[in-house]
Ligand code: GCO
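As a starting point, one isolated chain is supplied in structure tokens, in the form predicted on its own.
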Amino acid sequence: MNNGMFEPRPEHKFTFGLWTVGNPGRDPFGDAVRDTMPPVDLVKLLAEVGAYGVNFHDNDLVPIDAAASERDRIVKEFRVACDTSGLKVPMATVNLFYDPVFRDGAFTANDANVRAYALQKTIRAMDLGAEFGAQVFVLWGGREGVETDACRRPDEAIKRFREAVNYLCEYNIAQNYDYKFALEAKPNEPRADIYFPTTASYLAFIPSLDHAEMVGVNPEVAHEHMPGLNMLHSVAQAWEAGKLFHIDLNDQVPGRYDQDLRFGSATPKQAFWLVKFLEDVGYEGMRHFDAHAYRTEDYEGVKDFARGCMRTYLILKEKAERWNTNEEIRSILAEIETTNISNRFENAGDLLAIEFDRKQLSEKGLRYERLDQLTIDVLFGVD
């Protein structure tokens, strides 16, 4: 009926992590409900549902204690699977949160040996990603935080994190990898408090780096929604600063634990504004889905989940096009944006010389109620 307009194509740049479709459904209150699927089989699954690419943490692909020969075998098999399926590997990242060695953090840990090991593990993950042509390297500091501030001063933690990122940038230059680093924020979980809780925290931090030009952010819907923030605003700030290097799409009910729901399934109106923004500004990066299927599903349900993420994005993209061309919406926008005065003045004297009619300015209705209802009409298909 839709002539394939909601079917994923390579130009949509939809990607999934091995840890997303490979999530076995384990949670703090229950064990796995799906068998662990090998990475090469996950590649086949993603190719079947129409994804463009597959991303991975280092240990999603190679076990943390793998011998060199095992590592080479796994990498070779994965490369064959990607080549056969046509899937790309646009992004790689490193797991610095699961192993017990990182219980006090990685780059910010009090133990200098842990900090050094974290750097070593990260550069090896960079090497691995580079073998597959990854161009973005995401850093999520899931353990970079505290349960009690008695353990260290937070400014010292920030200094340690800066030293680590500077080191990784130098390694990036030395190896000619040409990575762009994307820092991913989260307010809490698994730590009680994480040092860089919001995208804005990282945007303030990045200018202090030695190579700020190669470091940006990776906003995630769930991580912004958890504390009740507006994902669109975080993404827009990153975009305006030239720092939107990657994005994680999922969904989340504000105020709850990290849910990683199917994109657009919980807050479709917010998802609409996000998709509309990305398409309106011409974002050319990957649309990466960092989400998990419900624990109720088998692997056929996982495929439904993956297809649903991509389909919802494309539906909202089509809705954004309809919103942009809706005659009444365009008319209202033209009316409320009309102005007879420039916002730029040669000097303060020119501005001070103007006599504003406050009463007249305050009386004009802005029709935001109508605009919002028209948005609902577009989303519900009754426009």
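It should be emphasised that the depicted structure is a prediction, and the values quoted were computed from it without experimental measurement. Note that residue numbering follows the sequence shown and begins at 1.
The protein also exists as the form predicted in complex with the ligand; that form is not presented, and the subsequent description refers to it.
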{"item": "Asp127, Glu163, Asp258, Glu77 - the one with a heavy atom within 4.5 Å of the ligand in the model of the complex", "value": "Asp258"}
{"item": "Per-stretch contact check against the ligand in the model of the complex, the hit in 132 to 140, 296 to 304, 274 to 282, 102 to 110 (non-hydrogen atom, 4.5 angstroms)", "value": "132 to 140"}
{"item": "Lys319 within 4.5 Å of the ligand in the model of the complex, heavy atoms", "value": "no"}
{"item": "Interface membership of Thr93, the ligand in the model of the complex, 4.5 Å heavy atom rule", "value": "yes"}
{"item": "Any non-hydrogen atom of Arg115 within 4.5 angstroms of the ligand in the model of the complex", "value": "no"}
{"item": "Residue contact check: Glu184 to the ligand in the model of the complex, 4.5 Å heavy atom", "value": "yes"}
{"item": "Any residue of 266 to 303 that, in the model of the complex, places a heavy atom within 4.5 Å of the ligand", "value": "Asp290"}
